[in-house]
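Taking the form predicted alone, here's one chain by itself in structure tokens.
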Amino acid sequence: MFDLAGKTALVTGAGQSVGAGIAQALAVQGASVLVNDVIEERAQSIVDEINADSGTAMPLVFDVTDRAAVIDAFQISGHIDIVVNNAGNAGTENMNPTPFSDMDPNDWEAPIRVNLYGVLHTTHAALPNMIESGWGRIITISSGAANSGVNIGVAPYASAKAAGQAFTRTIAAENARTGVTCNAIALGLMENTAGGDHTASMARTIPVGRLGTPHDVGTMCVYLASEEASWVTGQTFHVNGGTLMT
């Protein structure tokens, strides 16, 4: 069950935290994993860990916001069966939480480029070969901020994540008869995102009593990438410890 042997998976932003956990989980199930990051050393570090643990992985360095770089990477890599659109936050820039009324419009662009255009770029590059082969999995990592209002100064980020979920549903509908599924995972508070008194206070409200881990996300990605999930498409799965129940 959940055997991914013979499949090639690309995980964007996989040089650390959640992306690394996803890459490692897919490799454990037998997938050959392309570990993407904008920093080669980070990607190589995760590749080394996977290979040392009897998995198969290679680094693939590019910026998801650069469409030409994405196209080049896909041409180099050959056929990719599974794409996990994990790269997020503000990409190569720092995301500085700020109330929208105080925000400089120039600060909107980074989170929108990576969380929406990055997803568009990789999905557009992956789809033709997936459709031709009659099998593919596209998984986009989203956020609970896309589904409920949050007063933490991340309006452009939340908006881009919500757009990514709408895009997921549209691509799922367009390709439902092709063997390609497209789903999203909306994350709650994760270990690597918690910080400061405000976030720590929010973490205490999680019903299961703990923050999320990369392993929690990786196991959900394994399921959605598997043959067993072939009848699951166009969905957003809330992985949040019960914070948002739908």
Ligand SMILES: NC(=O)c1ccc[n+]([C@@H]2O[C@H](COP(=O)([O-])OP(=O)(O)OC[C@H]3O[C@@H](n4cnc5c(N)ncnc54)[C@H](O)[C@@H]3O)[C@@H](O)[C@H]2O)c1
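From 1 onward, residues are counted along the sequence shown. This one's a predicted model, so the numbers in the text were calculated from it and none came from an experiment.
Below, we refer to the form predicted in complex with this ligand, which is not included among the displayed structures.
Visitor: Whether M190 contacts this ligand in the predicted complex should be assessed with a 4.5 Å heavy atom distance threshold; does it?
Guide: Yes, contact at 4.5 Å.
Visitor: Please run the contact check for N183 against this ligand in the predicted complex: heavy atoms, 4.5 angstroms, yes or no?
Guide: Result no; N183 lies far from this ligand in the predicted complex.
Visitor: Taking heavy atoms and a 4.5 Å cut-off, does V18 contact this ligand in the predicted complex?
Guide: Close contact exists here: in the predicted complex, V18 approaches this ligand to within 4.5 Å, heavy atoms only.
Visitor: Tell me, yes or no, whether V64 is in contact with this ligand in the predicted complex, where a contact means a heavy atom of each within 4.5 Å.
Guide: V64: yes, in contact with this ligand in the predicted complex.
Visitor: In terms of non-hydrogen atoms within 4.5 angstroms, which of the given stretches 108-116, 169-177, 128-136, 148-156 touches this ligand in the predicted complex?
Guide: Contact criterion met by 108-116 only.
Visitor: Does anything in 34-57 come within 4.5 Å of this ligand in the predicted complex by heavy atoms, and if so which residues, in order?
Guide: Contacting residues: N36, D37, V38, I39, R42.
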